[in-house]
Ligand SMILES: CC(C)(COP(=O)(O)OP(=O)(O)OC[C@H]1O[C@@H](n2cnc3c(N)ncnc32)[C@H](O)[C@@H]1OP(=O)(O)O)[C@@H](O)C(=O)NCCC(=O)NCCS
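We begin with a single chain expressed as structure tokens, specifically the form predicted alone.
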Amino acid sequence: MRADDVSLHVLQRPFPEDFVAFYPYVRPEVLGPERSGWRGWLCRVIEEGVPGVTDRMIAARDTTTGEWVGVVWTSVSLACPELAHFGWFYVAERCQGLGVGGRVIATCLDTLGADGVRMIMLPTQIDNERAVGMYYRRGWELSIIDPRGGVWMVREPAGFYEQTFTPDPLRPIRAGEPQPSDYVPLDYLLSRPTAPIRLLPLGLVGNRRFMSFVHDWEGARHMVARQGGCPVALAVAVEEGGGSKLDVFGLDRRAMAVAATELADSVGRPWAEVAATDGLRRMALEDAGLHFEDSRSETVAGAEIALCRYVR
């Protein structure tokens, strides 16, 4: 078989019945036990769709047998249509190494580019050298690595991340509860290590920052700051220490302060611990009405850091 022996198809819901029967990532033997918790969400992607995004499958079919032999799922943000996820890439074993996967990826990039997508993110594993190399050759770069081996890779124009998530200082920023259309932009927002130590109380580090559709939104309080529909900051609060431990993330002090203020106003006894070197976040918390109380030292990942406690 050659790569030219496959036809490429851009599929949207409702998907063809034979494609639904083929889709590999709803089958336990393909998904594997370590990712079994994703199966319900992946079935939802295939059967009914996910709110807040436009999702499509770029699929390859063997022109001789009529069998589906490869697929990748793409999810484009409705709030920020220039952002897309690329994931759950699969090529049947008998077609691997023949260029079929490269044709699927090329069709995906052409399709997204024609729709105006400029930033494409994907998750993979750092020890999957073949996949990392394949993506790297096609324009993706490593973004952030989880200590357990997960990695984000991003494909985007230089500086576009900062441009997308830095709000216009002359336009209003408003905060509200998370909406499904926020999820893909939030994944992007949280995809860069912008401080040496991140202390988000839900442990959102590395590719565990993946928020989109499986995050436990009921496990904490969240507030999203938006400008023009695009999320520009996320505040999180969990019950801890006799109050509500608060944290906030964003690239802009004003946006972070808007999210943190709205959240602090809605929870009881808000407090925060921030690395002493994280000046931007400390200023945003002060803008939100929290004030410095004391500091302490803690060993994090083998390094001793100073933590500043803020209370309201």
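Numbering starts at 1 and runs along the sequence shown. Because the structure is predicted, anything quoted here is derived from the model rather than measured.
Not pictured, yet referred to below: the form predicted in complex with this ligand.
Here the marked residues Y25, G99 and T124 all reach this ligand in the predicted bound form, each with a heavy atom within 4.5 angstroms. Note that among 159 to 167, 229 to 237, 88 to 96, 178 to 186, the stretch whose heavy atoms approach this ligand to within 4.5 Å in the predicted bound form is 88 to 96. Note on the partner interface in the predicted bound form: the residue among A106, L78, M134, L142 having a heavy atom within 4.5 angstroms of this ligand is M134. Comment: this ligand is not present in this chain, but in the predicted bound form one of R138, R221, R118, R192 has a heavy atom within 4.5 Å of it, namely R138.
None of the heavy atoms of R171 is located within 4.5 Å of this ligand in the predicted bound form. A residue is said to contact a partner when one of its heavy atoms sits within 4.5 Å of a partner heavy atom; N128 meets this definition for this ligand in the predicted bound form. Contact annotation for 41 to 69: no residue has a non-hydrogen atom within 4.5 angstroms of this ligand in the predicted bound form.
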